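We begin with a single chain expressed as structure tokens, specifically the form predicted on its own.
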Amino acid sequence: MKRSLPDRIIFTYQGDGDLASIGTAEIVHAANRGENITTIFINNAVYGMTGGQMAPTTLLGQKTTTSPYGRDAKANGYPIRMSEMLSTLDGSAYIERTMVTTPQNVIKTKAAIKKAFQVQLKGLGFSMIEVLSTCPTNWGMTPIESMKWLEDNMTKTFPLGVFVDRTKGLM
């Protein structure tokens, strides 16, 4: 869409099952080409909309409906760290990982998303904000328990921060 309508703001909103599995080739090549789009990537470590199956981002040991004994690296591989992977590509202009467990983190996430859209408006290339999010229903937890679990567990595998920022002096 961005190539046929270059003056339009284009963004994708994708979960971990989509972006890190079904759409991996597309997102890698979009980032590598430096497509001037913004991607908002919601990572809750499961296929949250289709029953809680193991996703490419499911943590080692994490139980899901398709890994009832927990994800095993030998059998299932390791969680894919999309922000780290995409940040190695020259077309990626801005990639940051945030989370939404507290009001302060929501404010930081909002600022990161705003910056990602500014990167697009300036025509600087591909931008992505990975948002660590909870899935209390499929994790079998209360919302409060799931926020604590995210902070205590997910951030070890998926540390927060800016992974690439090629906007210095351009914005």
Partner chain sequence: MGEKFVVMQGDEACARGAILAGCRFFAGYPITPATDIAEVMAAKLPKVGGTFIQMEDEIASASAIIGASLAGVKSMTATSGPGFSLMQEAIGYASMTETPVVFVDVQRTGPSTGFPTKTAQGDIMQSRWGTHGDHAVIVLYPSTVEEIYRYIVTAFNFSEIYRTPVIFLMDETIGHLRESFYLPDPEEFTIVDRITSSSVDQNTIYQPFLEESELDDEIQPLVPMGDTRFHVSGLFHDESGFPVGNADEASKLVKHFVNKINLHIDEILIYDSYMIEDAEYLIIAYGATARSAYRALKLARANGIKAGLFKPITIWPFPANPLRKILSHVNGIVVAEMNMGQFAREVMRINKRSIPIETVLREDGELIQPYAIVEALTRISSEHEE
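Positions refer to the first chain, counted from 1. Since this is a predicted model, take the numbers as computed values, not measurements.
The discussion below concerns the form predicted together with its partner chain, not included here.
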* Would L59 sit within 4.5 Å of its partner chain in the model of the complex, counting heavy atoms only? -> no
* To do: Mark T137 yes when one of its heavy atoms lies within 4.5 Å of a heavy atom of its partner chain in the model of the complex, and no otherwise.
  => no
* Asked: Would I9 sit within 4.5 Å of its partner chain in the model of the complex, counting heavy atoms only?
  -> no
* Any chance S21 has a heavy atom within 4.5 Å of its partner chain in the model of the complex? -> yes
* Asked: Within 4.5 Å of its partner chain in the model of the complex, heavy atoms considered, which of N32, Q53, S146, N105?
  -> Q53
* Structure fact -> Of 129-137, 33-41, 116-124, 65-73, the segment with heavy atoms within 4.5 Å of its partner chain in the model of the complex is residues 65-73
